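This document starts with one chain, in the form predicted alone, laid out as structure tokens.
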């Protein structure tokens, strides 16, 4: 989150708060402008284009900020440490769905706020009839309108923001996102008092039932055969809004990291099912649940991430390599096709799904006049390659010689040339790089 999407101001307060402010500085508020709107997402393996609802980050006129698009999950909202108030301004840009589901609202379940429910008969306030059922847990807004939601009892933590209107449908459609509030800025940052971290990753586990989405998009939800979500049957399973292998298309970490750093993993589940994230070959220290620090942090390799839950955990990798992160309940399919679903990888340097390694034994060298011809097999995640050389067969003294940006050949083999070195004995290493995915640098193995 940049300061472009957030404003601050002095806020009038009671005498006791003013006394505190005179000692600790002025009260501050974080403002975010979100628009709820429809989007389509094409599933992998030639899957269908599914209609979803998501959020886009906007300026104060509800014009999307530069580079921002409607997304699922919604944009992460980062409240700076010390801010005492959170305001989220919401514009309803949803299409007509043929029922009251086009109205929407926004709640953060674990942060207290003043909430006035809207009932199924359209009235608000206290319940006046036993036939009334809750339609929205807080003030709702109709398509084209906007409303502001305010939270003043802020505390550090990782939280879900989501629709408070017909949530079994609207949250399933994609109206959810992550709010984070740190105890102190870094470096190193503190997620909670005494819990510091050097890097972080947000991991949102969710699932999609295409039939429900199709009924909402067609305006037929609420009629047979989809009169409710009782027969909810998800077929696609997401981490950060994408099923594997699309989970590798975006960086997991907020910045490149090196081995030995304390990494904060923020797990969130806005879905309808319980998931069990497992971190392969690594243990993590669970430090908080639902934004509440645990009095006794526990060491785990998996979590029971129930619907609506959040967990914060610290992991400190000390060995280089890929570490699988997946759902132990084996939600690892895309519409019943294997090799998909809730699977991604954690690895050093934080590029898209991990940094590429070296090309290994696929590297072949041959002499061509005064040039050396290199050929090697392409490796996953690499958008370019870096040539290193050394006079001894050890990784440490290798020095970078050149960056290669070859075009991807059809046969899976990449070639490049460089001048013949003057030394009699030279060792070469070619490592994959992925600058678009977060800046992998140096040999990765």
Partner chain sequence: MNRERKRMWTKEAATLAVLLLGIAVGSHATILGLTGTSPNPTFNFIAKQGYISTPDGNSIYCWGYANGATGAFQLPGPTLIVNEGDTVTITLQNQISIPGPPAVPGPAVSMIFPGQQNVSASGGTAGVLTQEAPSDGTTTVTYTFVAAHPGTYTYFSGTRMELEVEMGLYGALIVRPAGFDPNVAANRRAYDDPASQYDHEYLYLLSDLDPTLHPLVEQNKLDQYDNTTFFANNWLVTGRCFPDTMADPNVGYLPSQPYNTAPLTHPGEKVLLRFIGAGHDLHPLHHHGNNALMIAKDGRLLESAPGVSGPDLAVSDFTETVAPGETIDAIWVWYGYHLGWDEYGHTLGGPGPFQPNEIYAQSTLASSIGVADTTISVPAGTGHAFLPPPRTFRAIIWGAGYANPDLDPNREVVTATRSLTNPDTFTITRAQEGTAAQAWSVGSIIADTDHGLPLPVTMPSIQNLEFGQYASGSPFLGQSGALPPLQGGFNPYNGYYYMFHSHNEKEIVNNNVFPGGMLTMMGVLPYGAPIP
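Numbering follows the first chain given and starts at 1. What you see is a predicted model, and the numbers here were worked out from it, not measured in a lab.
Beyond the structure shown, there is the form predicted in complex with its partner chain, which is absent from this document and is the topic of what follows.
233 is the sole member of 131, 233, 227, 153 with a non-hydrogen atom lying within 4.5 angstroms of its partner chain in the model of the complex. Think of it this way: in the model of the complex, its partner chain has a heavy atom of just one of 149, 253, 244, 221 within 4.5 Å, and the residue is 244. Using a 4.5 Å cutoff between non-hydrogen atoms, residue 302 counts as a contact of its partner chain in the model of the complex. Residue contact with its partner chain in the model of the complex: residue 127 places no heavy atom within 4.5 Å of it. Not displayed here, its partner chain is kept clear of residue 168 by more than 4.5 Å at the level of heavy atoms in the model of the complex. Using a 4.5 angstroms limit between non-hydrogen atoms, residue 345 touches its partner chain in the model of the complex.
The putative spot formed by 89, 92 and 178 is not touched by its partner chain in the model of the complex; no residue has a non-hydrogen atom within 4.5 angstroms of it.
Figure note: of the listed segments 75-83, 156-164, 184-192, 281-289, the one touching its partner chain in the model of the complex, with heavy atoms no more than 4.5 Å away, is 281-289.
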